[in-house]
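For this one, two forms of the same chain are given in structure tokens, first as structure 1 and then as structure 2.
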Structure 1
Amino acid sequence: MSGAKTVDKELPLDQILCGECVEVMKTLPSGSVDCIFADPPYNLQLRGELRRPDDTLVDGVDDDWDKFSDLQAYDKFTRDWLKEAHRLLDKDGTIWVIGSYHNIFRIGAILQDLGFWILNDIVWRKSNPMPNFRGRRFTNAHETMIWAAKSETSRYRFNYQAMKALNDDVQMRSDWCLPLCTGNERLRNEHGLKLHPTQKPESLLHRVLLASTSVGDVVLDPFTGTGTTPAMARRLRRRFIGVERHPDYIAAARQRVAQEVPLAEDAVVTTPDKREAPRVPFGSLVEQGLLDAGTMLYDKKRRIRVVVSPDGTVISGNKRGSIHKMGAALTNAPSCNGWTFWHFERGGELLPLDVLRQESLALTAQLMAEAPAAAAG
């Protein structure tokens, strides 16, 4: 899946649409969206006022849009919008749904019932959670996101290397410690009060979009609120469609997105996954003169060695094969990545063959860049 694919001309791209989510979603063409981020009503069912120890009132979620008559009504609402989400997703698309203990388990079951394939549940651990003022429960310090593919067979996008780079070159875990939306990022009304009670932090959407989309991908947010998803999509050069019914939220979201400046094109290219890199046959290293036939290759500790032949196979005694098959055969392993297992000597130092693969890719890129200039000359 790539942002380079043809975008349906019928799509209301880079717009925040006014209306009920299900009704608006029904107007969009099937298979037209690459990623969905949904922050639906949590159905908190709060009863009575909540006050701090100093008797000040807590600005909790008591809006009409979060109220349902019972769990059956909430389940029907959830099933209706998730059916449309499933229809709208590209066959290789993914959906993120965030919730709390009030609703996320019901959403998870409905996702599976509708054929979505759950990939991860992400715990957003809030570094600055609201205390439990009544002191009768644990502090609710996290929310849960479910990340799911459209189906079990979806070839979904996951920018693994980008997530690893974002996490100081360590594999990204499924527990994310990020702060609540505060300070200048928090939108407020003319009275200085929070405009939206559950505005999500930009850092959360930045990570979601960076993890599962590419430049140019279409991102749908059926519960746009004050526009965090569209704003981050615009910043990261993704296309977006927002849906919201509250006029105050719509006005704030549209203004917010209009003020967002997209990053430069060369600044939004994420770290590529190795499996997406162009394939380099080992034999091409010999053809390019990066590795001479007859060169000795070793394992990291120089306990095993093979000789490079002119056709790109390697030889040990009467055995011959690819760098991968020979690595596996000589170590009695079921498989072997020859690019990292075998090493060559340069300046008295052993270096993995992958170094030469990167040099080959760089050489190829340089030749391709020089070709148009040569043709023009």
Structure 2
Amino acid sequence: MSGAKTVDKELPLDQILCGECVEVMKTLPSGSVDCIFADPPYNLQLRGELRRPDDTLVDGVDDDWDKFSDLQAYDKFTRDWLKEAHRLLDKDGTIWVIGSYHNIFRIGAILQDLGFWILNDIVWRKSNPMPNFRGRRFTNAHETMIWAAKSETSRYRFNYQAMKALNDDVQMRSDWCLPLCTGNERLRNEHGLKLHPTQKPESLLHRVLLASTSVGDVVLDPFTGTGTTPAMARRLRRRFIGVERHPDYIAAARQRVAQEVPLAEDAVVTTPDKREAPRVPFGSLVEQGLLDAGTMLYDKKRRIRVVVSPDGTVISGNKRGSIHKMGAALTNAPSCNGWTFWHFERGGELLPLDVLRQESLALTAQLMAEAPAAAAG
């Protein structure tokens, strides 16, 4: 995606910029990023301190950046940065925003108001959440991410097959069970205390970027914190732009990113979607000599048959049409994938046309390798 953008040269790629997110975002050109991941302040309305039953203090989020005078102030803040996010996003780009019940409803409503088109709400189920110490509510065991396209008509990226592969070959669901960021992954200061109160686990960003971006895409994180998004972007060979205002976080994030080793180029290749394979017109099989005119095609159970025509149509009685149209017409179906419906005979058994399509693609790839310039032209 980003490779085609003329604005690329102006972009501060693979950098973590210092400043207020809206101010910094205003310096970037419109439509210049493919994906945004945002972990904004949660507006946690914690009243006083919270203690565990053993009287140790729960280190809640009480930093200054998480203080807002009221809901209206939080809404204004949210609308301001989301407006800039909308401007920066490519027309086919998507945005992820993570939050809890304190702020996610404000964010979701404002996203919709600004014209973003929600694709999913994703539940991050924490495998090891903090228990509810007072026993007055359900254990708050999840956070919510909203995944939205720039507009209703966006042709957004979703690596469906990669997600399916990641989930034992069944569709990835809207609930993801992942552990909190702990142990060595958690950045700590010289006193061993956690550097950032809400550092997100790398596994979360790994899945987000794998699902919704391509290699080389530009990913913006307006609230970079300690740099989980940049680090994962670098690991997965995406480009990143981070924005953060706290110097301590920036220093930690830059160091972290510098230490991150990008995966080998062939290691970031994921299961491709079939839609992205080059289209093979059925007629080209006849042209290439992979299938002769006059060949008989059958459905799987040999109940229906058609004859291949030299122009790539197929004929049954006085009807003629594409392999798809004829498959649909002869079965009274609303549509039909001719590549998997029709079969040809080879060695006494029936094989789907898709086998020939694969052979055609392999043949083309071979020609490309032998004479790239000629084949491309």
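FYI, numbering is relative to structure 1, first residue = 1. None of these values were measured; they are calculated from a predicted model. We call the rigid core the largest set of C-alpha positions that still match within 1.5 Å between the two forms.
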| message | Given these two structures of one chain, say which is the form predicted together with the DNA. | response | 2
| message | Checking D175 here: with the core superposed, does its CA move 2 Å or more between structure 1 and structure 2? | response | no
| query | W342: CA shift of at least 2 Å between structure 1 and structure 2 after core fit? | reply | yes
| Did W117 shift 2 Å or more between structure 1 and structure 2, C-alpha, core superposed | no
| message | Given the rigid core as reference frame, how large is the C-alpha shift of V306 between structure 1 and structure 2? Answer in angstrom. | response | 5.7
